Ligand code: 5GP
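Presented as structure tokens, the chain that follows is alone, the form predicted alone.
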């Protein structure tokens, strides 16, 4: 199934400045900001600025510069919010209906500041 990007999704609107955010870090190809409905004491979203729907879409079609920038931004955010060393964090990206993706724009959640519990209930 092809990746169809919706330019009206909330993250695209944030990138265009139509919706405010609490920015943690902005780079040439990435934006990180605090989640408006945090699921943990630390909950930051790192989004790519390009029109990619899921991680596999991003990995397959983004330029090398976009990919490197995103991953370096992710590391910088982890250090900046204090989860990179010590107790750790959980990184989550959801894809498609089965992955419970709510916003059709590639993004990763950084969650930390507490024990996150099991990843999946069995």
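Positions refer to the first chain, counted from 1. None of the values given here were measured: they were computed from a predicted structure.
There is also a form predicted together with this ligand; it is not shown, and the following applies to it.
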Task: Contact residue in the model of the complex, from 45, 40, 62, 83 (heavy atom within 4.5 Å of this ligand) - done: 45
Task: this ligand: the contacting residue among 55, 89, 74, 33 in the model of the complex [heavy atom, 4.5 Å] - done: 33
TODO: Determine whether any heavy atom of residue 14 comes within 4.5 Å of a heavy atom of this ligand in the model of the complex, and answer yes or no.
DONE: yes
Open item on the list: Quick check on residue 101: any heavy atom within 4.5 Å of this ligand in the model of the complex?
Closed with: yes
